[in-house]
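Presented as structure tokens, the chain that follows is alone, the form predicted alone.
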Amino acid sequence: MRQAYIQTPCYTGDVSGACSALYELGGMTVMHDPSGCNSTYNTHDEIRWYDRESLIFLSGLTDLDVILGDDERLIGDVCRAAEALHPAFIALVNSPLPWLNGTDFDAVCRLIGERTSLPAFHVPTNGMHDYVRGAGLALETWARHFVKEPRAGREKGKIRANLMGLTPLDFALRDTVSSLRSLLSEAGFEPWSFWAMDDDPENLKRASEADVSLVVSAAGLRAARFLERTFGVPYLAAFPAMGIRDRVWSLLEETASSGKSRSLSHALDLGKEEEGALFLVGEPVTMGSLAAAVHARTGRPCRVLVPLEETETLLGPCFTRVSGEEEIRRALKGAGAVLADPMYRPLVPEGADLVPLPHLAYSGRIFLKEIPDLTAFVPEGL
């Protein structure tokens, strides 16, 4: 029971993460699960329905489908919907039941692709992991199918930068995306492609022509690594928080010129004392960058607790991977203050202040109106 969550919620699941990552890319995403199971994604994890539609469906998996393995019904329904709606691609997202049942999604996608003449692929989620894994798998899979070889004979000019890991689950306030675009331009870089909010999918297909990728959340790490392996585009994992922007831009330029990928967290000195330190809990790229900004501004020692999967390579010397309330509560002992989503309040030790920073992937829409533009966020009272 050490990894149980009793007083606090768990993070958004991998199925919702995959749907969020693919939302604006022009395809049709199908969650293969029983009717009603998409309500969690629709009502808690997705805030773009109000101003932008997307083709996201569920298959309506039934007991007989599970028992008899009637994949033809799924294939037929998907093909008919694609014929009527003309998506750019078809993505099947797995939920726990078909995963446990051993559904052959590769074969299903191959048959759908043959019948529709559309790219069809499977995002191997299973409902057992968090949104970082789901969104990362979705962006990586999309990149494998659609990113083009770079054009030859490119003229030298500004450093072209992809921005990786943009979903509302980490950046619920859309102003953050426009702020990042403006900050990149003001720093002398050419914003190239934004994965995957507020951009044309055609720009994302040309991501291989960039000089460097800036990974602003862990959800973008898999796609950034794909671009590095396949096209030699290095990446920097960092968020340009207020107070450390010059350092981030300098590292981004060094990464582009050296061709060597790096993470800001590995170069951080956040102070040696732990007693009375500020503990930041959440996604490692944004929280690590905010910790660096707080330490640079106040000199206060900081520590970062990361309760998310697939983040090990992003953890620096002042970072700790935690899982479950017991580990988080134990790690927070001695904290002077905690910067985290308000839902972490039951785990904050007595005498420590909670500095609230709501996170859509953790508390859903409860504190939606209080989520700030992270590029301009300065924690108060520190």
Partner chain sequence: MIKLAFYGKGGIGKSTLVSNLALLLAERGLRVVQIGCDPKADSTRFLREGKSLPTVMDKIRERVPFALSDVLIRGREGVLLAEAGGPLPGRGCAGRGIITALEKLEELGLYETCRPDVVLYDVLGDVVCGGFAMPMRSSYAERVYILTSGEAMSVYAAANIAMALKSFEGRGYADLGGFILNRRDVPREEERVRDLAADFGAEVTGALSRSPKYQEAEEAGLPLVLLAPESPEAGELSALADAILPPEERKG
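Quick caveat, the model's predicted, so the values are computed rather than measured. Positions refer to the first chain, counted from 1.
Below, we turn to the form predicted together with the partner chain, even though it does not appear here.
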- Message: Between 190, 228, 104, 269, only one gets a heavy atom within 4.5 angstroms of the partner chain in the predicted complex; which residue is that?
- Response: 104
- Message: Quick check on this chain: which one of 273, 246, 186, 114 has a heavy atom within 4.5 Å of the partner chain in the predicted complex?
- Response: 114
- Query: Residues in which of 96-104, 302-310, 275-283, 289-297 have heavy atoms within 4.5 Å of the partner chain in the predicted complex?
  - Reply: 96-104
- Heavy atoms within 4.5 Å of the partner chain in the predicted complex: does residue 174 have any? no
- Query: Looking at the partner-bound form in the predicted complex, is residue 71 within 4.5 Å of the partner chain by any heavy atom?
  - Reply: yes
- Task: Indicate whether residue 144 is a 4.5 Å heavy atom neighbour of the partner chain in the predicted complex.
- Result: no
- Message: Contact with the partner chain in the predicted complex for residue 260, defined as at least one heavy atom pair within 4.5 Å: yes or no?
- Response: no
- If you look in the predicted complex, which residues in 12-26 sit within 4.5 Å of the partner chain (heavy atoms)? none
